[in-house]
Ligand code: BES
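Starting off, we have a lone chain in the form predicted alone, written out as structure tokens.
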């Protein structure tokens, strides 16, 4: 896709489609009035017909009259004072998705109405980045993974034109190009996550990671079952040995071993990659089990984030660990009541084989620390409880110490992603006691979400944050801004967190 920033007025720009963001209950004055007049009163007519309301994410198609564009798409931005980074990405994605099934080669978006929020630092450049990212993310349709033609798919435009009459063209161009790369990275994570379990096993995910590493000059080490056993990854192997598709611990690296970034960190991002989760011996109900191919979303996000950071700031020190397994009830599957030894030496009583994510993450986090990590973030579709608590639009988060958690949340703010901090309650730790080991991997339902975080904390000694994306990793139904399926959530947060340590010299 060619990206172009112009400082013309929107009524002078030629494109197949011109996108006009419209605030709630629009008043036709200034540039909006000029656009309406040149469209032959089409915008006022739509408003009178209640087709154009400015309600957030609502879209309408309109004729262009004397405007040089072929069609107009209006997209509602609601109250401009409440715009934030997340909503700008979604507004742009909504406009792109409104054109599903249409033939559009060039798309022009007028940025000025989106710069009205005081909460956007460097407003025009920020908006350019987020709009470009939103268009790329909005163009994604998972049906295209397996179907040769998808009639309703959003158009893959050849040219995106961002219209900023008062902007610095060079700065806006650079910001928009960054947004395109961020969007492409999120879409990579989505494609890997959406792929079916018979298509992407742990071995295949490792092969995909290796190809990505080769394209972006990253080093990669894939730990196979024999070496994982020799290293002492007892929890990881306890999950992986139940499947005929053997597990892989994928370790990707940018920069040298133990190399610190500009913030004196050796940052590690760690992802849960359960390519299919049947629950193992503690088998899941059959309802919606087909969604369990999505249980690898955390690992897919980490792999994609490694590539995005490499594109935006090559050489920035970063460690990525993706624990890839299938959780199946095969002849060698772990049984409830089995005691295994974790990589850090703890004896873990596996009381529920469907609480497998915390097992593979525990060994992955320990391995990341042994590879020199000074700060860690893990991303995982870990618990159904987080979705029941926070729904499908907010990711649950734990962390310690608080300053590191706050640093991760600052990256989330820059990314335009929403998180809610959950507590690590010390009084719940005794409820995880085992009759035979140091701790058990699952207990009573009360406080189970908090206990999942407490379990993971047993396997870190460095500053650590856990992001539970079980509610936000995929949508069961389409929204105005996204298709059903994987969302790529937390990809942008991980990238922003890593880029905070990029060297500028």
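Only a predicted model underlies this, so the values are computations on that prediction, with no experimental measurement involved. Positions refer to the first chain, counted from 1.
Keep in mind the form predicted in complex with the ligand is missing from the figure; the text below concerns it.
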{"item": "Output flag, 261, 267 and 305 jointly within 4.5 Å of the ligand in the predicted bound form, heavy atom basis", "value": "no"}
{"item": "In the predicted bound form, the one of 218, 385, 172, 333 near the ligand [non-hydrogen atom within 4.5 angstroms]", "value": "385"}
{"item": "Partner-contacting position among 233, 206, 355, 200 - heavy atom within 4.5 Å of the ligand in the predicted bound form", "value": "355"}
{"item": "The ligand contact at residue 294 in the predicted bound form, heavy atom, 4.5 Å", "value": "yes"}
{"item": "Any non-hydrogen atom of residue 129 within 4.5 angstroms of the ligand in the predicted bound form", "value": "no"}
{"item": "Exercise: residue 277 in contact with the ligand in the predicted bound form, heavy atom 4.5 Å", "value": "yes"}
{"item": "Distance check, residue 442 to the ligand in the predicted bound form, heavy atom within 4.5 Å", "value": "yes"}
{"item": "One stretch from 294-302, 236-244, 394-402, 153-161 that, in the predicted bound form, holds residues within 4.5 Å of the ligand by heavy atom", "value": "294-302"}
{"item": "The ligand in the predicted bound form - contacting residues of 272-286, heavy atom within 4.5 Å", "value": "272, 277, 284"}
